[in-house]
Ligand code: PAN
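To begin, one chain is listed below as structure tokens, in the form predicted on its own.
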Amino acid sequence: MKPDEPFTLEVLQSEATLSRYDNHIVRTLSSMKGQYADQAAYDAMLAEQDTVLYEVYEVRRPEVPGELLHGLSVVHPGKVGDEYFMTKGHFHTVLETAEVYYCLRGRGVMVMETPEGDWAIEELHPGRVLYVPPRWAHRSVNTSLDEPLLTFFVYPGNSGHDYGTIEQQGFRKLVLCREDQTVYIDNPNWSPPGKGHAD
């Protein structure tokens, strides 16, 4: 395939993958250090196994304006303490760039926030399209405990990923499973941008 020619691919929903991809990212529990509120539950789980939480299948394109990077996100079912499995979450390095997610399978939510303090949580289910505007950090959370959450994503080629800000400050809201219900609570470990984690 030439880089300047049209191409197609298939989403293999039952296999939770793409028919063609250039990069496969596997994120395990150890890569989410400091992101789960229940540190004791995190440590106990990690001591047993470095569980795979989510995977990303990327179709490589030039990382320049005008191109659209895209791929498939697969968040596996499970919990760390009361918190569902989730992605690291990120801002875009070029803050003024957006992203689109199309939910194909499973159910979940997207947790989002801006540097200015706005936040939002939107539900994801098959057929739902989510538009994440510029300036909004975003994290996918699988609220099903029996099937993966599959979303197809598209974003500008020059966006980049800023994981470090979220690793340092966390997200304002946590998504928990309590008495078989999904609830949203304030993150007790969240800290304002640039402040780092509270002691």
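The structure displayed is predicted, hence computed values, not measured ones. Residue numbers here begin at 1 and follow the sequence given.
Just so you know, the form predicted in complex with the named molecule exists too; it's not on screen, but the next bit is about it.
Which one of 33, 60, 161, 135 is close to the named molecule in the predicted bound form, taking close to mean a heavy atom within 4.5 Å? So the residue touching the named molecule in the predicted bound form, by this definition, is 161.
State yes or no: in the predicted bound form, is some non-hydrogen atom of residue 92 no more than 4.5 angstroms from a non-hydrogen atom of the named molecule? Flag for residue 92 set to yes.
Considering only heavy atoms, tell me if residue 153 and the named molecule come within 4.5 Å of each other in the predicted bound form. Looking in the predicted bound form, residue contacts with the named molecule include residue 153, since a heavy atom lies within 4.5 Å.
Test of understanding: in the predicted bound form, would residue 88 fall inside 4.5 Å of the named molecule by heavy atoms? Because a heavy atom of residue 88 falls inside 4.5 Å of the named molecule in the predicted bound form, the answer is yes.
Can you work out whether residue 99 and the named molecule are in contact in the predicted bound form, taking contact to mean some heavy atom pair no more than 4.5 Å apart? Taking the distances in the predicted bound form, the answer for residue 99 is yes, it comes within 4.5 Å of the named molecule.
In the predicted bound form, residues of 43 to 63 near the named molecule [heavy atom within 4.5 Å]: Heavy-atom contacts to the named molecule in the predicted bound form: 54, 56.
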